[in-house]
Each structure stands twice: as structure tokens, then as C-alpha cells.
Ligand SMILES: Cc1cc2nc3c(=O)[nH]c(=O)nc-3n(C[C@H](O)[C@H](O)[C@H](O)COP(=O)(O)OP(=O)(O)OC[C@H]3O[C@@H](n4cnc5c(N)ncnc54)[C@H](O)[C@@H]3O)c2cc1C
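Consider the single chain below, provided in C-alpha cells and representing the form predicted on its own.
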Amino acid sequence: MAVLSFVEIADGKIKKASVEAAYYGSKVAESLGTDSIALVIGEAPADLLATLGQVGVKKVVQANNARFNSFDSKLYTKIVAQAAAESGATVVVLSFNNNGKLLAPRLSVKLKAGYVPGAVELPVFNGNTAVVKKNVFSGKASAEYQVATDVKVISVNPNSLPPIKGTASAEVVQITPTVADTDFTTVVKGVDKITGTIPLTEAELVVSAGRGLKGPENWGMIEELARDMGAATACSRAVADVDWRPHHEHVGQTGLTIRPNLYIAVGISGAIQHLAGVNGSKVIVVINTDPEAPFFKAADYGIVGDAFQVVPKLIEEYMKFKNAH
């Protein structure tokens, strides 16, 4: 018996969400009195993978093959399912991100496993039954799901269980999954990556803006604040739809779901569709001229004022603080 966590590598680093998933898996393994195993598909240095021991992983199994470097949900499902069977995993943990959302339902079918997406707390076990808590109704409520299948698949909402790191090192072993040429259904010709910015799904700090900025020419102050703070930039759907900002910055129910430690919303009213993508943030700061804006009800801190006056002042005060420390 074991708990298997699927871990992703990007740009020579372990994805933040994957570190959290591995930690979640380790805590589940601890509660079950079994081993925590992480699976990595594709090329990555062994010394990097060994650092997963810091979040409780005992062993990392790696399908180290250059042909596996490009994500393919069908192929990856087959590899993860094989690793789960070989390790005797009764719980499989993934990140609730784009790749996890593609993999987990396939795994659920292949492993005949119950699946809970977007868990926000560790499961509570009662015999073979796991009770898993997740958010529902766009984060306005929570629900507990009971899973009684022999194998359980759980995907974890980012930032739900921040890892507490130790100093241990995980054992790294190589595996050779059984795959055929027909399993390679996706051919990647090339990848265009955005450089020089912090990926939204990995960001601890996010500065976001909406139609209150009145036009794309006014985004300079948002980018400046984000740059000074070491934050990622985001936007509302309305802004992305009129091409003021690229769609990869769109957060909300129909965009990315993020859970940073700090989310600063400038000129965004805070409709429920936007809140659905950001209400898991640890701290929300809202800047808006309308004191009745719905976002203020979800905010930890709010400033009623003109963004064109508030943001430059915020930049000025932040730089004073930064230089003093």
C-alpha cells in the first residue's frame, strides 16, 4: 500500500503546485501509516528530484525518457496508472491545475477509482472510506465527499496546504513503463513560452486590473507595481475579451483559478465569475472608486479611491518600505 503523487517539472524546477501535491500526498501517507511515493515523467536531474524528500516523499520513481517530455494526457494516464498499480497505491494525488484536470478523470476511469477534484483539506479516513472537503458554488460554500472505492484519486487546490519542509532526501529510482508507439498520439512541433514574467499559477503575489483602468495604455502602473513587488500580472475577463491584455492573464471562472498569498485587484468590480477564480487567495486587497463594488465584500483590505491616484502612491510607499528594509 502507498500514496502516489504526480509531480511536474518545468524550466528545470519542480512546479510549486506539484510540491504542494507531494506534501499533501505525504501527509495522507502519514495518516494511513504507509509510504509516500512521487512519480515524475520525463527528464530531470536526480538531485532535484531528491529534494522532494523535504516534503515527506520517501521515494521518487522517474520515467526518464526524452520521448515523455511533452505532456500527453493519454500517454501520461497510462504511465501513472502503471506506477500506481506497481506501487500498490490506494490514493493518487495530483495538482488541480490544467494538466491535473486532464489526467485525473482519465485515471479515475482507468483505475476504477472515485475522484474528488479541488480538495482544500486533508481527507479523513473511516476504514476504507475517505471524506474529502472541497469548495462548491464558486467558493461560496464547501462540501464533503465520501469516497469508498479501493483506489482514490484526489486533486489538490493550490495553496490549500502550504508545505512545511524538512531536510530529508528522497530515494530516486528509474522505471521503464510499458508503452507502444501507438500511445504517442500527440506530436509537439515546438513550444512558445512566455519569458521574463512569473507564471500566474506559480505566483505568490498577483496584481490584477479591470475595466476601471479605462484602456490598455494605462497598464504601465500595474506592471510597475507588479515588477517592484516581484508579482505576476492578471486581468478580468472583460479586459482580455477586448484585447487590452493577453488571455493567459485572465483569471476567473472561465479563466485561470489562482490562490496566491496576496491578490491586489485594481478597478475590478468583483462579479461572482471573477471571484470564483481568486477567492482562495490568502489576502485580497481591492482598489475601486465604487464603495458598493461587490469585491469589497470579499476583500481583506479595501481602498475607495481613483486607481490613477492610489496606485502611484502605493508604488511610492512600497519602494520606501523596500529601500528601508
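Residue positions are given as counts along the sequence shown, with the first one as 1. Throughout, rigid core stands for the largest set of C-alpha atoms superposing within 1.5 Å between the two forms. Everything quoted here is computed from the prediction, not taken from an experiment.
The form predicted together with this ligand exists for this protein as well; it is not shown, and the discussion that follows is about that form.
Among the residues Q273, S31, N261, N69, the one placing a heavy atom within 4.5 Å of this ligand in the model of the complex is Q273. Interface residue among R106, R237, K133, K78 relative to this ligand in the model of the complex, by the heavy atom within 4.5 Å criterion: R237.
The putative spot formed by K13, N64 and G118 is not touched by this ligand in the model of the complex; no residue has a non-hydrogen atom within 4.5 angstroms of it. Under a 4.5 angstroms non-hydrogen atom cutoff, this ligand in the model of the complex has G305 among its neighbouring residues. Contact between R245 and this ligand in the model of the complex is not found at the 4.5 Å heavy atom cutoff. Shown alone here, R211 lies within 4.5 Å of this ligand in the model of the complex, counting heavy atoms only.
Although the partner is absent here, S169 sits far enough away that none of its heavy atoms falls within 4.5 Å of this ligand in the model of the complex. Note that among 283 to 291, 56 to 64, 41 to 49, 22 to 30, the stretch whose heavy atoms approach this ligand to within 4.5 Å in the model of the complex is 283 to 291. If you take 253 to 275 and check each residue for a heavy atom within 4.5 Å of this ligand in the model of the complex, you get Q253, T254, G255, G267, I268, S269, G270, A271, Q273, H274, in sequence order.
Taking 2 Å as the criterion, G88 does not count as shifted between this form and the one not shown: its C-alpha moves by less than this amount when the rigid core is aligned. The Cα shift for L32 between this form and the one not shown, taken after rigid core superposition, is smaller than 2 angstroms. Core-superposed comparison between this form and the one not shown: the CA of A63 stays below a 2 Å shift.
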